[in-house]
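Below you'll find only one chain, the form predicted alone, shown as C-alpha cells.
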C-alpha cells in the first residue's frame, strides 16, 4: 500500500520526501483547501519547487483543493486547479462536484482523487463519481469499519485510500456544521475547523478549561492530558453522566489493522497532519514506512513512541473497529 503523507509547509514537504513518502499532499495558501490556517500552505512558487524535489526522488505530489466553491467566487477554485495542473500535480484531491466537472472537462488527462470531504461512502455514490468525472481514487470518511471497506471495494472500480494515523474526524466529513455553529468559520467552505483564533485555555482552580468560541468544550483535571477543543471531542453532561458523547480527544492509529486493510482492498494509507511541524512529519512518516515493511509482531515497537506525539497522548482505531456506546 502507498503511504500518503501531509505537508503544511515546504520544510515539512522535504521531510516527508526524505522520510520515505510515496506521495505528499498539500494545498495553496487560501480557502481552496481544508487546512486554511495562518502560517501554513504553499505559494505557487513553493509548490513548483516542491514538485520538482518530489519528482527527483520519484515521489508523487497531490494537491488538495478540497473545500466547496462559494457561489459567485468560483474563479478562485478554477484558478487554483489551473495552476496545480500547470505546475505538474500528479493528482488533484477534490470535493466539490462543480470543480470536479471543471477539471474533468478541461483537463481530461489529469488524475482526479475524491476527497474525504466529499463524504462518498457507498457504492452508488462512488460509481457516480467514477462515471461522471473519471475519478481514479476515493478517500473514504473515517466512519467505516474494515468490514464495510471490504464490502465497498468489491463493488467499485477505483482505488481506495483510508486514513491510518493522525487527527480523527468522527463526523460525516464535508457535511459537519459543528465548527461553523461555534465559530462562524466553516471547515467545508473556509477550510478551518475549530480555528486557533477562537480557541482559549484558562485555569479554573486546579482544572484546565478549554473553550471554542463562546462554548466550554472540556475541563481537564490536574495531570490529565488535554486535547484540542473541537466540539465533536468535547465532554458533555448527558443525563447524570459526564463523558465523551462522540469521541475521546485522541488520535487515530490503525497500525494493528494494516493486514486487514490490505486484504480489504485498500490501495493507500493516509497520514493526517498538515498543521503539524516538520519534526512530527519526519517521525511519523519514517515510523509508518518501517511498519508497513515489518512483520506484524514488530510493528507495535516501531510506532509506540508515536503515541506520545498524538492528541491526548492516546490513540484509537476509531470506527475501523468501533464499539459504540
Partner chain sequence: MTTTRKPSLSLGPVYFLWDGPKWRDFYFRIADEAPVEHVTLGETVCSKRQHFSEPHIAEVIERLEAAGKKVTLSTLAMVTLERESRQVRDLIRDSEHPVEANDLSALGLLRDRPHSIGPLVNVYNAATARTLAARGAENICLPPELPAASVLQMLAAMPDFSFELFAFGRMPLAISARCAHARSKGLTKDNCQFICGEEPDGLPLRTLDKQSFLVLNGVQTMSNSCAVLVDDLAPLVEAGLSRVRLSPQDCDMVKVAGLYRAVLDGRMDGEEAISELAEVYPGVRFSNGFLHQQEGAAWVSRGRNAAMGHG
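Residue numbers count along the first chain shown, from 1. Quantities reported herein were computed from a predicted structural model and do not represent experimental measurements. The term rigid core refers to the most C-alpha atoms you can superpose between the two forms while keeping them within 1.5 Å.
What follows is about the form predicted in complex with its partner chain, which we do not show.
Student: Can you pick the one in 254, 158, 112, 176 that has a heavy atom within 4.5 Å of its partner chain in the model of the complex?
Tutor: Only one option qualifies, and that one is 176.
Student: Work out which of 91, 209, 81, 150 lies within 4.5 Å of its partner chain in the model of the complex, going by heavy atoms.
Tutor: Here the answer is residue option 209.
Student: For the chain seen here without its partner, which of 63-71, 36-44, 277-285, 49-57 has a heavy atom within 4.5 Å of its partner chain in the model of the complex?
Tutor: Careful reading of the contacts points to 63-71.
Student: Is it the case that 133, 219 and 231 all touch its partner chain in the model of the complex, with a non-hydrogen atom of each within 4.5 angstroms?
Tutor: Heavy-atom distance to its partner chain in the model of the complex: all three under 4.5 Å.
Student: Looking at the partner-bound form in the model of the complex, is residue 223 within 4.5 Å of its partner chain by any heavy atom?
Tutor: Residue 223: no, not in contact with its partner chain in the model of the complex.
Student: Given that the partner is absent here, does residue 180 sit within 4.5 Å of its partner chain in the model of the complex, heavy atoms only?
Tutor: Taking the distances in the model of the complex, the answer for residue 180 is yes, it comes within 4.5 Å of its partner chain.
Student: Residue 239 near its partner chain in the model of the complex, any heavy atom under 4.5 Å?
Tutor: Close contact exists here: in the model of the complex, residue 239 approaches its partner chain to within 4.5 Å, heavy atoms only.
Student: Mark residue 146 yes when one of its heavy atoms lies within 4.5 Å of a heavy atom of its partner chain in the model of the complex, and no otherwise.
Tutor: Although its partner chain is absent here, residue 146 would stay clear of it in the model of the complex, with no heavy atoms inside 4.5 Å.
Student: Let me know which residues along 239-256 have a heavy atom within 4.5 Å of its partner chain in the model of the complex, or say none if there are none.
Tutor: In sequence order, 239, 242, 244, 245, 246, 247 come within 4.5 Å of the partner.
Student: Superposing on the rigid core, I want to see if residue 204 changes position between this form and the one not shown - specifically a Cα shift of 2 Å or more.
Tutor: Shift of 2 Å or more: yes.
Student: Quick check: residue 239 between this form and the one not shown - does its CA shift reach 2 Å or more after fitting the rigid core?
Tutor: Yes: residue 239 shifts by at least 2 Å between this form and the one not shown.
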